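The chain below stands alone and is given in structure tokens; this is the form predicted alone.
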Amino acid sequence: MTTYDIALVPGDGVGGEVVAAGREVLDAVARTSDADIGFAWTTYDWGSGYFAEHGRMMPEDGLDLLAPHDAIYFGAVGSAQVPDHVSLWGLRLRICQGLDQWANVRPVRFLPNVPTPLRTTGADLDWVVVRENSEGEYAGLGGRNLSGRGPGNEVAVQTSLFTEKGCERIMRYAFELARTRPRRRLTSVTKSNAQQYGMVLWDEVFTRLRADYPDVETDSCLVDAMAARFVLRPASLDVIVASNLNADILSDLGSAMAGSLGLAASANLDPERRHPSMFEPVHGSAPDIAGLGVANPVGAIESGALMLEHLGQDADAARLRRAVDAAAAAGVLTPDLGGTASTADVVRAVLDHL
């Protein structure tokens, strides 16, 4: 048997509920797999509760503890007791940046029987947002100054960082991904008309790389126009590559179009496999429904499918997605999708269809 060593970080709010649901499903996938696989789970109770006791979101040697694992399965981060920028930078971003998980992959999948805001059905819609995950607008460069001059005089500077190497590696990843898909289409998202340094470099790198991938159809689109295109022409979308902030916003828009952020899965990848990659649902900690048993586990379950693919178990990942589709088609939907099913109901339905 091949046993994968997985670090489980439930985090805050509904994070613990959805990763517990995903873990149950993944263990069932392993038990019924033709590949003779298993999972060994190590739980790290880091997050806002840890912060209340220790003054930090994770221990100082947290990255060293995570490094030996084959992958990380993450729940959510955020609570009213810890400022959002402290919780995010202290846990999720510390893991992503500390382990150089520079490719964030966010598929947008439309499930059967799930109502969406679109006038068209989601039957023929399927795209993926590839997000630069290590620099850009979330580089963490800048500061706040001049508060000593009195109220109204403080200045905050937030600097975006774009490097040629950073742009090239995420774009090559997106080009290679586009090559694996039937349409072989890649769209670069930019804002170079207003951001004349970083995003112009982004555009120039994309233009240069096009020559290396003549088999991939390409175009470039300003981010504001891309937001409109998501809504008005979603059938034109295939693979989208964008900077940290732009991809963050657009991928959430895509998930809302599919019916709910509760459906959205993501992978934070170190494609060079020097460090473990991390798999997490896109939604937040949702403290308003924490403990009620109604959190949508599909985003966490589908993040598990991405983890299976990363571990080389493509057949089991596809089998898991078919089970999710079958559960949705049977009408087992949580309240965020207009249904009445509980988290446990969805898990049972997915298990039944495995």
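Because the structure is predicted, anything quoted here is derived from the model rather than measured. So that there is no doubt, residue numbering starts at 1 and follows the sequence shown.
Although it is not shown, the form predicted together with glycylglycylglycine (GGG) is what the next lines describe.
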message = Please determine whether residue 248 contacts glycylglycylglycine (GGG) in the model of the complex, using a 4.5 Å cut-off between heavy atoms.
response = yes
query = Should residue 92 be counted as a contact of glycylglycylglycine (GGG) in the model of the complex, where contact means heavy atoms within 4.5 Å?
reply = yes
key: Heavy atom of residue 71 within 4.5 Å of glycylglycylglycine (GGG) in the model of the complex   = no
task = Indicate whether glycylglycylglycine (GGG) has at least one heavy atom within 4.5 Å of a heavy atom of residue 282 in the model of the complex.
result = yes
Listed range touching glycylglycylglycine (GGG), judged in the model of the complex by heavy atoms within 4.5 Å, from 283-291, 316-324, 60-68, 33-41 = 283-291
inquiry  = For a quick test of understanding: in the model of the complex, does each of 173, 191 and 239 have a heavy atom within 4.5 Å of glycylglycylglycine (GGG)?
reply    = no
note = glycylglycylglycine (GGG) in the model of the complex has a heavy atom of only one listed residue within 4.5 Å, and of 227, 88, 209, 177 that residue is 88
key: Residue (of 105, 186, 77, 167) lying close to glycylglycylglycine (GGG) in the model of the complex, criterion heavy atoms within 4.5 Å   = 77
